[in-house]
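Shown below, as structure tokens, is a lone chain in the form predicted on its own; questions about how it binds or moves come after it.
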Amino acid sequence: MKKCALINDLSGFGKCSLGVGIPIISVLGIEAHPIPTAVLSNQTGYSSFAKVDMTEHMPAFFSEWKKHGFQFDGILTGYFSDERQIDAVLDFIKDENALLVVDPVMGDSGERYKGFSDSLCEKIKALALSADIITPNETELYLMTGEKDAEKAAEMLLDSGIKSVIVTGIKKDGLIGTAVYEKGRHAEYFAEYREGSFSGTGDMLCAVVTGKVLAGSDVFSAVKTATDFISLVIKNSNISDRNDGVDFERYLYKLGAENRAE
């Protein structure tokens, strides 16, 4: 089986990050091997949370992986809280010949997330520029390029060497969707918009895309699968608090069935 390293936070409640990445990658027929950047009682959208930062431990974890000779076909990164975490990842990936997918978590709704300094965002950008696939939202796309036009921003990033730029959270005509840019090709995938935002859906998209590409799909069909899956899950979730996340567990079998069909 192919192996994918997942580098992200782990939240006990909130259905996001490693909590959704591990089962989705696994059901797509890829081994999921996590290293947490932080362990949280619940995701940060709730009114309070407890957190254990893993910055000091990550280099030792990567060192053990290298000592044992573990090799990876894919690496998927998400939330970082400290520049040193990214330094550890950059040191780790330099010896890996693997598909690198980076979700450049920095901000949303036109603003950087609280606590994300200029220097941390620059480190995240440096990691993203070394990736094969990146999945910014519109705010993160602007933070990376300084360009507000999505197509021009994507072209700038493609010119830097990134193979695929996937822009999430695009709202248009009562729909919400994702735009995919590659050199010479562009497509958009939309679904019905349900008012509000929901914990973990961006992480789900990243995991589906990474798993599908590792399983042999092209990026465009992988994004289409992710869009359809997330739309189905949101439509059929009983959501009282957006922080709780969506009921994706009920529909993992659909991703698994599609994977077996390939």
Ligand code: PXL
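Heads up: residue numbers just count along the shown sequence, starting at 1. Values in this document were obtained by computation on a predicted structure and should not be read as measured data.
The protein also exists as the form predicted in complex with this ligand; that form is not presented, and the subsequent description refers to it.
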{"item": "Listed residue that, although this ligand is not shown, lies within 4.5 Å of it in the predicted bound form (heavy atoms), from 41, 237, 26, 44", "value": "44"}
{"item": "Candidate stretches 200 to 208, 27 to 35, 56 to 64, 220 to 228 - the one whose heavy atoms come within 4.5 Å of this ligand in the predicted bound form", "value": "200 to 208"}
{"item": "Contact of residue 9 with this ligand in the predicted bound form (heavy atom, 4.5 Å)", "value": "yes"}
{"item": "Partner proximity in the predicted bound form: residue 92 to this ligand, non-hydrogen atom cutoff 4.5 Å", "value": "no"}
{"item": "Exercise: residue 72 in contact with this ligand in the predicted bound form, heavy atom 4.5 Å", "value": "no"}
{"item": "Contact label in the predicted bound form: residue 181 to this ligand, heavy atom within 4.5 Å", "value": "no"}
{"item": "Partner contacts in the predicted bound form for 68 to 97 (non-hydrogen atom within 4.5 angstroms of this ligand)", "value": "79"}
